[in-house]
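In structure tokens, one chain follows: the form predicted alone.
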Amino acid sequence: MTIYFTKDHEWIRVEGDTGTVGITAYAAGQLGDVVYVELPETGAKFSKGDDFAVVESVKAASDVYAPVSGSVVEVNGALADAPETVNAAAEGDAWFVRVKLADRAELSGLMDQAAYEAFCEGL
């Protein structure tokens, strides 16, 4: 299992040909209290960089971008009833979707944990 990060503060945890996607703890902290999460339907397809979800907080609404191309195989329905989970466990229980990867080569453009932490320090 390997975790990758984007400059837009999404993470993807890859196991085999499936990736679990969410937003980082840094992003959740910047958003403040999350009050609503809009997720795609199972079966939705998107390309790397497409917006696929929306997170609304008391401060703002923010698009969430696909770290890789793929199709949604599972949606975290628990976030509909408990969007605040994003603040409590952004990189754990508050995952957004699981996707079947269309092209594993797209992972090479993402950051590992150390590179992401260094990126955030520079913000």
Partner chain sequence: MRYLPLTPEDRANMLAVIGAKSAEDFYTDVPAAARLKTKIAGLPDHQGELAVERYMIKLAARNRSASSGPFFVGAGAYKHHVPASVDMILQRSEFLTTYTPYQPEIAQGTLQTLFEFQTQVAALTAMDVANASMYDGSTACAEAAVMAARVTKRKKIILSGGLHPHYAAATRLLCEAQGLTVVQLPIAIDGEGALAEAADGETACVIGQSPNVFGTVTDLSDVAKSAHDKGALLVSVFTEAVSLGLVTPPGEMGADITAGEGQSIGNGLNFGGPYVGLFACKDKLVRQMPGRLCGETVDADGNRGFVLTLSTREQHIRRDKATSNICTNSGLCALAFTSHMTLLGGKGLKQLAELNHEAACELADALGAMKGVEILTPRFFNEFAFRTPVDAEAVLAMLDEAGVVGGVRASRLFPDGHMGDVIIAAATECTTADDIAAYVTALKEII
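In this text the structure is predicted, and so the values were computed from the model without any measurement. Numbering follows the first chain given and starts at 1.
Another form exists, predicted together with the partner chain; not displayed. Remarks below refer to it.
Review point. With the partner left out of view, is D50 within 4.5 angstroms of the partner chain in the model of the complex by any non-hydrogen atom?
Key: Residue-level check for D50: no, no contact with the partner chain.
Exercise for review: Indicate whether the partner chain has at least one heavy atom within 4.5 Å of a heavy atom of V54 in the model of the complex.
Suggested key: Within the cut-off, so yes.
Review point. If you check in the model of the complex, is K59 within 4.5 Å of the partner chain, heavy atoms only?
Key: Contact check for K59: yes, within 4.5 Å of the partner chain in the model of the complex.
Practice item. Give a yes or no for D93: in the model of the complex, does one of its heavy atoms lie within 4.5 Å of a heavy atom belonging to the partner chain? Key: Flag for D93 set to no.
Review point. Okay, which stretch from 59-67, 94-102, 23-31, 42-50 lines the partner chain in the model of the complex, with non-hydrogen atoms inside 4.5 Å?
Key: Partner-contacting stretch among the options: 59-67.
Point to revise | Neighbours of the partner chain in the model of the complex among 73-104 [non-hydrogen atom within 4.5 angstroms] | key: The stretch does not touch the partner at all.
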